[in-house]
Each structure stands twice: as C-alpha cells, then as structure tokens.
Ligand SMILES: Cc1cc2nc3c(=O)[nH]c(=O)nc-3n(C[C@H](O)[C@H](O)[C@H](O)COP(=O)(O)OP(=O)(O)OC[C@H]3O[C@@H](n4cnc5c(N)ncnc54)[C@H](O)[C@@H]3O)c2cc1C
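To begin, one chain is listed below as structure tokens, in the form predicted on its own.
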C-alpha cells in the first residue's frame, strides 16, 4: 500500500483548500479510497489523505424550502431507511439500498458514492498493469479490443468505454437533483459529465466534473409534484455486493417519464420526457441508438446483452409505477 500523509479538515472549505495541490484525496467512508491505495492501480495516487469524517453537521436528511436536502456525509444506510426518502423519493431510497452490502452501506456516504472512481477491470487492475486512457496520457481503452462485457453500449467520451458505476447517480439525475459543492451548485445531469480534456490525470479518473479542489457538501432533490412516482431497477451478475451492469432510474409524472440508465455509458444516460403510456415502446425508444461492443476475445467478447436487459429494466420500471 502506498505510504501517504494524513490531514484532518474541520470544514468542507478547509478540505477544498487542502486539495488545491492536486495530489490529495478525501477520506469519508473510505470504501473506495482505501481499495485504490492498496491496489495501486494508477500512477496518480494521492500523496495526502484528508479526513473529512469529523466535519460537524454534515450528515442529515431533511425537507426544506421545496427540496429534500442530504448532507454529503450521510450514510447510504440512513438514506435507504429514511421514511421521508422512501415515501417521496423512492428511486433514491431503492438505489441506496442496492449499493453493495449492509456493511459497506453502513460506512459509505452519499458524497463518496457519487465521487467514486470507475470500476473498469482494466482501470482497476493492480499496479497499473493496464495504463488506460483515463489515467495515463496517450493511453488506450483496452476494452475495445479486449473483454468488453462490462462496458458502454453508447460509445465513450475520448474513446473510454468505462461506465458510471454509482447506483445513486442515475436516481439523482432522473429526480432532477442538484449537487452543492464548495464552488457552485450543479445540475446532477451536468455533475456527472466526464472531462475528456483531463484524461491522463487524476481529474480525468473521476466519474464527475469536479475540480480537484472542489468538495461536495449537499445533495438537493426537488420535492416532486403530486402524483409523481419513481423507482430504481438494477441488474448485476451477483445479487449482493456487486456494481450494476445495467440499472434504470425512472420517474413518471403526467404521462411522461424521466429515465436515467446506469452501467451503460460514462455517465448516467438520461432521456427526458419519454412517453410512458406504452412501457415496451418507451424501452425501445430509449435503447434505439445503443451501439454495443464486440471485441476479438474468444470469451465474453460482447456486451449486446446489456441492450435487452436495459429494455427490460425500463419496461418493468414503468409498468410497476402504473
């Protein structure tokens, strides 16, 4: 494991200031960071770990001013079990409940879940055995000619086929959430945009558009209109402790569906105002431009299965909300 220095921040602003050197990383739940430090899968590992667990009043769930407000250090378990979230923002509660295992949900935070690194098998390979495009300048995406069954079916920014692994990200996008940081308030759909020009650097390894010295403080989800229903569906190779191969967050109101797919693109793939009157047709519409990969590998050489599974997830979600 890489030897790192330790610092503790008393506020999000202090943490942001400490991150300004570009060679530091935040420690909250630690479920992703520690894994990366031990695996040494990138040449861009931090020199300093900044502990933010002790920042006061940073874990909360409350409805205020027309929004559900969730502190960045709120544990995923608390979100999944919140009566308020389950009642009015079901897709988010269901997504939080499906993250990993109970033990990891008890440690992991909502802020960490939307700021984790890609889960690509090449990106995560120990000791940087695969210097891929996300972490090394001039690197290549090995999934294009290698094992691609876990990867994007909608192409990739900068040639990278790694997908957004977060369960909560599609739910936040479909619900029209905002992400409040130390610098600005992001629309969730913009927050998860991959910064192509930063590939080959620590920033390029992120699944979001944050600056290296920018810290998530709060998630805000607008209170849904009366009659709005939402849900989150997930498919993975294992039912527990696995990241989604395909997921679908669906919010239906007034006959229209806001749909965000996870596990199929660099970011949650968002489709606004889809006609929800016919679930099967809606599913076909959403996947109409899918372009699955097929590589020369003799085994596991395609991710075409994701197209049909995504259609099924969308169809089941919409039918279940009627």
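Just so we're clear, the structure is a prediction, and the values are computed from it rather than from any experiment. Residue numbers count along the first chain shown, from 1.
FYI, the form predicted in complex with the named molecule isn't displayed, but the following is about it.
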- Item | Proximity to the named molecule in the model of the complex (heavy atom, within 4.5 Å), stretch among 131 to 139, 193 to 201, 149 to 157, 92 to 100 | 92 to 100
- Message: Just checking whether residue 116 would be counted as a contact of the named molecule in the model of the complex - the rule being heavy atoms within 4.5 angstroms.
- Response: yes
- Query: Is residue 279 close enough to touch the named molecule in the model of the complex, meaning at least one heavy atom pair within 4.5 Å?
  - Reply: no
- Message: Using a 4.5 angstroms cut-off on non-hydrogen atoms, would residue 187 count as touching the named molecule in the model of the complex?
- Response: no
- Message: Just checking whether residue 30 would be counted as a contact of the named molecule in the model of the complex - the rule being heavy atoms within 4.5 angstroms.
- Response: yes
- Contact check for 61, 177 and 209 against the named molecule in the model of the complex, heavy atom at 4.5 Å: no
- Between the options 216, 85, 246, 162, which residue brings a heavy atom to within 4.5 Å of the named molecule in the model of the complex? 216
- Given that the named molecule is left out here, which of 26, 68, 286, 260 has a heavy atom within 4.5 Å of it in the model of the complex? 26
- In sequence order, the residues of 231 to 245 that place a heavy atom within 4.5 Å of the named molecule in the model of the complex are 234, 241, 242, 243, 244
